[in-house]
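Consider the single chain below, provided in structure tokens and representing the form predicted on its own.
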């Protein structure tokens, strides 16, 4: 490691919390690329300018995504990072790794790149930071030989990600790991070859706790739910109360739809399941006493994104309940994805996410094109005008049915007369 002073970065090493600077300095002891990356970062803090530029498209044979081009705009001063490309490596479902798998990944990266990693990027991939152009193909070949594949980047399907689901969580309403793995395998072409107006993210959460923040960050959010009653163990409720849990204050009063009640004398807890919105709050507070229902599936939501063309959106409901118990159930979800992507591809503008397109074209247009029926759960806000509108074919259908009923009634009168 060089003796070059980096006072700005030294500030980031102070305090009791972990510091990425310390970790980069460790890697800089054996990597010139990591050393120059630190020096360039110090320069950026001093100049208050990011010294990275996008100078062209890079990639590997057969893939349109997965590698992000990065070039330094001060190559003479920082020659070891004049090319500092990023690999996105497709993570296993739920981010479960074996030690051997991680070692194989680290060995490949230290051979071809800077050795700097990010576990994980916002999309979910393993991010390998810093490879020269001449090593891109050979690095990919070694990754592939060790069982790794690239994730998505650019205007394609980004790498699907999910929570740990049934592997570690008793509240998972379906097998998030299996669904994530299945969708990743099914949509390899959409994942590796950019073909759309912009990116599309799928994030899968096993319950409404939404541990992968899908509702705020995914174009399609798949969130586990149930449609029968919450299971209640009244003896366990009594134990919670006896051990000091303020059930009325911390559970009942926090219910968003006032669906919970607690009888302090009888020490019994009840839920009005018709008014329950399955938010998980009561279950989170009393997991030994309350369990998710047995008729389980998922709610499908659409449109979540950060600010870009328009403001940030939270995804909204398009399918209130869908069974996802086995692979045969996935067919309905995949068919819906294909219809949505086709409509978006035909109508979307450059860099327009599907949620922004629905906002521009209108939900009723979207629902008609993908074959979904309007449902109350889709309502985003109360009506803004007092008028009702019908499609012309709906009016024609109603008129035809009305004429048929009128003729039938007239015939009946003649017969009876």
Partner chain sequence: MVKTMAKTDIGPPHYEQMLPQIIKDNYGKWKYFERVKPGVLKHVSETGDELYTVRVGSPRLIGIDTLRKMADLADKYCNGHLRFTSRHNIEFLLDSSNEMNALIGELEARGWPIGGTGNSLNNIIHTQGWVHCHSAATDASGTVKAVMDDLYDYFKADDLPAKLKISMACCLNMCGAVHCSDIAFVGIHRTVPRIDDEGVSKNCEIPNLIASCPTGAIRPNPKAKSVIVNEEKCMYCGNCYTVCPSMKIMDPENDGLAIFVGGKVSNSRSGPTFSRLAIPWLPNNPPRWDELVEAVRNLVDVWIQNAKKGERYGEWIERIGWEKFFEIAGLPFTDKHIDDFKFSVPTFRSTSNFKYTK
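Numbering follows the first chain given and starts at 1. Keep in mind it's a predicted model, so treat the numbers as computed, not measured.
The same protein also has a form predicted together with its partner chain, omitted here; what follows describes it.
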Taking heavy atoms only, is residue 331 within 4.5 angstroms of its partner chain in the predicted bound form? no
Would you check, heavy atoms only and a 4.5 Å threshold, whether residue 219 touches its partner chain in the predicted bound form? no
Any of the heavy atoms of residue 153 lying within 4.5 Å of its partner chain in the predicted bound form? no
Heavy atoms within 4.5 Å of its partner chain in the predicted bound form: does residue 230 have any? no
Out of 226, 269, 200, 344, which one falls within 4.5 Å of its partner chain in the predicted bound form, going by heavy atoms? 226
Using heavy atoms only and a 4.5 Å cut-off, determine which of 314, 195, 242, 264 is in contact with its partner chain in the predicted bound form. 314
Within 161-185, which residues come within 4.5 Å of its partner chain in the predicted bound form, counting heavy atoms only? 164, 166, 167, 168, 169, 170, 175, 177, 178, 181, 184, 185
Assert for residue 343-residue 380 (C-alpha, 3 Å or more) in the predicted bound form vs reference form: pair farther
Can you confirm the direction of the Cα distance change for residue 196 and residue 380 in the predicted bound form, closer or farther than in this form, given it is 3 Å or more? farther
